[in-house]
Structure formats: C-alpha cells, structure tokens
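Below you will find one chain, with nothing else, as structure tokens; this is the form predicted on its own, and questions on how it binds or moves follow later.
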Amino acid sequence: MKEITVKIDGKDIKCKNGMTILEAAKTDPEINIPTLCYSDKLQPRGSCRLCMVEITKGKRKKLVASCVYPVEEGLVVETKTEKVIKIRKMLIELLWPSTQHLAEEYGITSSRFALAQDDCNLCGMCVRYCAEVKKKNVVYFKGRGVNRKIAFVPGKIDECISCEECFSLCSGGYIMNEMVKLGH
C-alpha cells in the first residue's frame, strides 16, 4: 500500500493509504482519540461518535467519526477543537456511565439525562462480536427507539454461557448481569 502523510493536531503522520484516521492517530502515542464502540476485533462502525474529529479538506471543514473515515493525502485533522470537545461532552453524558472514565478529563461530574438502564449504552459491541466473530447471532437488538435493548435469542442462551467472549467488550456489564438474572 502507498504511504501518505496526514496532519493530525499539527503533526505530520505517515500512514498507509486505506487506514482510518483513528488507525493513523494510534501510530503516535501523544494523539488520543477516545472510543467506545471501537475494537480491533470488529469492523469499525462509528455508532457511538465519541471518536469524532474535525477535518479540513481544501477550504471545507466537517466533523467525522475517525474510526470509519479513511485518510487521504493532505488531510488535516484536529482532535480537540471547540466543536469536537462540545460534542464529546454531550456524548459522555448521553452514554453515562459507560463513559465515566472520560468524565474527569472533560470536566463532567454527572449526566443531566435520565437513563433507562445504567449497565448498557446500546453500543452493540456484544451484538457485533456474536455476529461478526462467533457467527452465532445469539445476542441481538430488540425493539426500537427508547424501547431498544439487548436480548438473547430464545433457546440459545446456552451458547452464550459456553462462550462469554463478548463480556470483555461490554463496558457496562449488561450481558453478564442478564445472565445472572436468568440464573446462569
């Protein structure tokens, strides 16, 4: 693959064409872009938007999810603009308590939003892992909108009990808590 240069937070970062902004940023230990729904084990999805950055292409600026946006020659990326910080603060509150590890860094002490459940932020990491890696599709999203939640396919919970690999991806512990509730 062709090597290109992008500018992230004023630094020239050499990376391979086809990488995402997040992958390129990870090559420099001083550049920190927070993530929640990202894992090296899964295909990038960009669903939580916590990795939002501001890019400049030519004279245009826009906000993008760095875990899915591909680098290109001459791209300018800023990870800590006023817009980016404002969005991250809002997301930290919306995704509370899964993002409490970032709260102090962003000056947040609590969420002003009422949360339906405090052990699942609906990031979908468990659903994606079960489908993409295990190819089992035992865990899925049930319902829509405010009624959306993670559920187990009836009769297949034994497959989860014998696997438990997605537990480490779950920042809130929902899957493990549900198994305990179901007596497993």
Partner chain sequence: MIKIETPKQLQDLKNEVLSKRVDIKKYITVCSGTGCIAYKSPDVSKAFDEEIKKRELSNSVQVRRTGCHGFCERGPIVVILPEKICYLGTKVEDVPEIVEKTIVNNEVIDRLLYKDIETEELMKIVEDVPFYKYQKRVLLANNALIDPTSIGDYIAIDGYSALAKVLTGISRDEVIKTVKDANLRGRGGGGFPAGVKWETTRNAPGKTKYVLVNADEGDPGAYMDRSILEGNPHSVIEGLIIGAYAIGAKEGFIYVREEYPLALENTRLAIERAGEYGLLGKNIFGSGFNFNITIHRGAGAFVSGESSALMSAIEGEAGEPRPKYIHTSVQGLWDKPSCLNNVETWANVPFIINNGVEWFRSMGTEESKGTKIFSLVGKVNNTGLVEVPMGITLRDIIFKIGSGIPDGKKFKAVQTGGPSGGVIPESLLDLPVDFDKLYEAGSMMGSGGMIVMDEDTCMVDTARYYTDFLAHESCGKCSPCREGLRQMLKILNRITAGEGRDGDIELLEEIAEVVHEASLCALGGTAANPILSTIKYFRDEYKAHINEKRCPANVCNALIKYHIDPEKCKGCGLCKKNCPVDAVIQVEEKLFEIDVEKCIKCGACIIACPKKFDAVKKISEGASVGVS
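Keep in mind it's a predicted model, so treat the numbers as computed, not measured. Residue numbers count along the first chain shown, from 1.
There is also a form predicted together with its partner chain; it is not shown, and the following applies to it.
- Exactly one listed residue, out of 138, 65, 31, 150, brings a non-hydrogen atom to within 4.5 Å of its partner chain in the predicted complex: 65.
- Shown alone here, residue 83 lies within 4.5 Å of its partner chain in the predicted complex, counting heavy atoms only.
- The closest non-hydrogen atom of residue 69 lies within 4.5 Å of its partner chain in the predicted complex.
- Of the heavy atoms in residue 95, some are within 4.5 Å of its partner chain in the predicted complex.
- A residue is said to contact a partner when one of its heavy atoms sits within 4.5 Å of a partner heavy atom; residue 48 meets this definition for its partner chain in the predicted complex.
- Residues 121, 122 are the members of 118-136 with a non-hydrogen atom no more than 4.5 angstroms from its partner chain in the predicted complex.
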